[in-house]
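Before any questions on binding or motion, here is one chain by itself as structure tokens, the form predicted on its own.
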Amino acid sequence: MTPWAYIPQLFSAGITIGAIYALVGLGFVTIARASQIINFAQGEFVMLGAMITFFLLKGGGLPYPLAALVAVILVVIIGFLLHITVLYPLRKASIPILLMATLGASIFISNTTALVFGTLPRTLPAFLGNQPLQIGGIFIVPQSLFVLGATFLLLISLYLLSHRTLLGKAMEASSTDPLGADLLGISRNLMVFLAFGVSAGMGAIAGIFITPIFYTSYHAGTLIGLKGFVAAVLGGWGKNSGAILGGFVLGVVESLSIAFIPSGYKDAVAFVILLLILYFRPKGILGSPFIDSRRW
């Protein structure tokens, strides 16, 4: 068969992984809009969500839904602790120092995970079984349909939080008009604190969604975190819609590349795209300017 014959199947797989990149990219954007910090520990939230769920499920004997819920709550708490212990004390530091702090936190979390949970790859049971469904000439794993449906609901929930609740409007005001938020008495410190919790929760959910399809391990967060960052830059830094668009575009392009280049080079596609987008269109597909709201 020619490479073109695999395109529909690869496109389907790309949509699934693109949904995960979109969630990770949204995590980056959520924190960056509130504080102008690029949190390179975002990928570790993804890894922790999957690893904690695995050990609560296998070692703790908890039911799958409860194990996943507890894992998300624990990762949210870790996100809060990251803000309180590492980034809040450095809130007046320069951007390079904040970047190094998040990189240091990423290394600390991944190595601590290796010590606590071990270094072996882990996987989770599929939510909807492992028997592939055939739609036309495409075989789709039921977990992929679950990922897409659940991601869509999560994105709707995030939109409603941002635009239909007082808390969401306060977070949005802190990012779009910092001075106005200060005049209205909105605590930007609190908004950044909550942004870290929301970001950590989205990362944990993404990890739980994707691990039944792909294995996870203590170092898996680094790569998926970097790809989520590429998705956010590709779509248009600072915009939720940009992170969503960039995630799906990156997932599809990365998956389709397997038809034309050796699969071992697949992970390099994201970074080639990053270089091209920074060179030819630094503002990303949707052309979003960056909002300076770091003085929190």
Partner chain sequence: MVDTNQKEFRKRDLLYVVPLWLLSLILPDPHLDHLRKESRFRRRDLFYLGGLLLLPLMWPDTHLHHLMVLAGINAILALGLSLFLGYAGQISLGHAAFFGIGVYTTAILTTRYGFPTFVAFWASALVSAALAYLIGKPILKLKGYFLALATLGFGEIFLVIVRESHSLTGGVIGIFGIPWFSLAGFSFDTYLKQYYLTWGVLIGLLLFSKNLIRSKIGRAFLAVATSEDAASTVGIKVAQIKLGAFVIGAAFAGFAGSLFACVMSTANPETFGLNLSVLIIMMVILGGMGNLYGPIAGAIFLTWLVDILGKYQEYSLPIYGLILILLLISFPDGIGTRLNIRLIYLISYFGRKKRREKAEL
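Positions refer to the first chain, counted from 1. Owing to the predicted nature of the structure, the values given are computational and were not obtained by experimental measurement.
A second form of this protein, the form predicted together with its partner chain, is not displayed here; the remarks below concern that form.
Checklist entry - If you check in the predicted complex, is residue 214 within 4.5 Å of its partner chain, heavy atoms only? => result Answer no; every heavy atom of residue 214 is more than 4.5 Å from its partner chain in the predicted complex.
Next on the checklist: If we define contact as a non-hydrogen atom of the residue within 4.5 angstroms of the partner, is residue 274 a contact of its partner chain in the predicted complex?
Outcome noted: Although its partner chain is absent here, residue 274 would touch it in the predicted complex, with heavy atoms inside 4.5 Å.
Checklist entry - Quick one: is residue 252 in contact with its partner chain in the predicted complex, heavy atoms, 4.5 Å cut-off? => result No, residue 252 is distant from the partner.
Next on the checklist: Even though the partner isn't displayed, in the predicted complex is residue 118 close enough to its partner chain, meaning a heavy atom within 4.5 Å?
Outcome noted: The answer is no: residue 118 has no heavy atom within 4.5 Å of its partner chain.
Next on the checklist: At 4.5 Å by heavy atoms, is each residue in 38, 89 and 265 next to its partner chain in the predicted complex?
Outcome noted: Yes: each residue has a heavy atom within 4.5 Å of the partner.
Checklist entry - Which residue, 85, 157, 134, 131, has a heavy atom that falls within 4.5 Å of its partner chain in the predicted complex? => result Among 85, 157, 134, 131, a heavy atom within 4.5 Å of its partner chain in the predicted complex occurs only for 85.
Checklist entry - Which one of 148, 98, 74, 141 is close to its partner chain in the predicted complex, taking close to mean a heavy atom within 4.5 Å? => result Flagged contact: 98.
Checklist entry - Residues in which of 232-240, 252-260, 47-55, 66-74 have heavy atoms within 4.5 Å of its partner chain in the predicted complex? => result Looking at the partner contacts, the answer comes out as 232-240.
Checklist entry - Looking at its partner chain in the predicted complex, which residues in 102-124 have at least one heavy atom within 4.5 Å of it? => result In sequence order, 103, 104, 105, 107, 108, 111, 112, 115 come within 4.5 Å of the partner.
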